[in-house]
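In structure tokens, one chain follows: the form predicted on its own.
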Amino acid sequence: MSGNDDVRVRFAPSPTGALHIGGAHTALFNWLWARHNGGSFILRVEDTDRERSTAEYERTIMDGLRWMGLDWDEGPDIGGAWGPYRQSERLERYSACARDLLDQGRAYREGDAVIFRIPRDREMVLHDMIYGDINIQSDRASMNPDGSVKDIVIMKSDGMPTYNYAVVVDDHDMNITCVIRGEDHISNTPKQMLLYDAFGWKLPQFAHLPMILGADKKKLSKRHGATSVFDYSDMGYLPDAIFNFLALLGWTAGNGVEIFGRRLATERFELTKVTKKAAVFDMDKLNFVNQEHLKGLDPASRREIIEPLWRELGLCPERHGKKYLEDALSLMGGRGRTTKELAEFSDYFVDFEPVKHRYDASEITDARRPAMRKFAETLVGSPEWEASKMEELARRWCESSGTPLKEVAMPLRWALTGRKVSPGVFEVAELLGRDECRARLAHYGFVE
């Protein structure tokens, strides 16, 4: 279907909460299918829950989509030829279509509600692009607890349409060619197919996406951690990483490729390659994907992302040049799975204060201190302030003095970074500069 500009898909959230991970996953797969085919991605707002729907939630959902880089071609904010795109603005259309079904005898009134009459003994086949063919009997499309056929409400007594009815009218009116949604909607599809048939409308294609489970193999919920995409933004995850990770939930780019951007995903995405197997939301995998995207950023972009986080830690990156800060983050070499971790793990490049809070040199006994002082004096007196030269000097000094390298290298690391783990300590020293290293070592009495 590649190159077909007639493909029209939609994401239709209810503005009763923020954009959660499940919704973002559905939106992403719709967006990928539209962009892969050169088609249209439509945003429709299903706001018929008048008690819980708010304009603020609608804005939050839109902001979440924009954060992920999912742009839409038609929607309530930008309009389009098949609007309006809010269900609350389409009530007259739902009433008119309900009257058509009443006139045909396919629906009846029960008080102020309109009920659709489920046809009996009808054989149907749902041709699902992911699940394959599913045979359905109309008698089982909607059932009472005792197994008898249950006619379905299409217009409630308050004049509002029900979900299964409104979605059919909307998808038809907006010329949706493929309905891509979560597999929990498979049970709704037979009811909707019967409504399409009653109106004499052409069925769209259907594609039901795999369920997303937590690491405990239970349906994803708040107990598994953050569920709003903005929560992940606040936790230090990049939008490109969330895009990449969500794309991997039920789909693969092939050839063992796990880290990719929008262009590659758009080029390779095929609904027929989406798995039926439930996908697991694995935080370890998300951390890996995010870390790889952090590593892949150009130095300037990485610095621009981390600078505000340093400020949140009470640091002042403005004291340093941009090139120095970029070099510091590049030297981190992928340490830090999130932007917050990267900012925290690299704080010693920005200021010495965090180092002093973490390290007091109390483990350096009086017996060890003379050797440490001699080593530190030798190091800061190094004729060439390059990592390789300093490491070579340190090894020669340790060999001649009979001191194991780790006996002096570890205190040096602590004194410069306040951390047990860091990039190579001599690389750190080179970037910090001779004067800064001397000042830090002097604070701990290692040099005069």
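Owing to the predicted nature of the structure, the values given are computational and were not obtained by experimental measurement. Note that residue numbering begins at 1 and tracks the sequence as displayed.
One more form of this protein should be noted, the form predicted together with a small molecule, which is absent from this view; the next part is about it.
Colleague: Each of 12, 163 and 167 having a non-hydrogen atom within 4.5 Å of the small molecule in the model of the complex: is that the case here?
Modeller: The answer is yes: all three residues contact the partner (heavy atom, 4.5 Å cut-off).
Colleague: Considering non-hydrogen atoms and a 4.5 Å limit, does the small molecule approach residue 46 in the model of the complex?
Modeller: Result yes; residue 46 sits at the interface with the small molecule in the model of the complex.
Colleague: Residue-level question: is residue 185 within 4.5 Å of the small molecule in the model of the complex, judged on heavy atoms?
Modeller: Residue 185 belongs to the contact set for the small molecule.
Colleague: Does the small molecule come within 4.5 Å of any heavy atom of residue 302 in the model of the complex?
Modeller: Heavy-atom contact with the small molecule at 4.5 Å: absent for residue 302.
Colleague: Heavy atoms within 4.5 Å of the small molecule in the model of the complex: does residue 337 have any?
Modeller: No - in the model of the complex, heavy atoms of residue 337 and the small molecule never come within 4.5 Å of each other.
Colleague: Which of these stretches, 229 to 237, 366 to 374, 263 to 271, 177 to 185, has heavy atoms within 4.5 Å of the small molecule in the model of the complex?
Modeller: Within 4.5 Å of the partner lies stretch 177 to 185.
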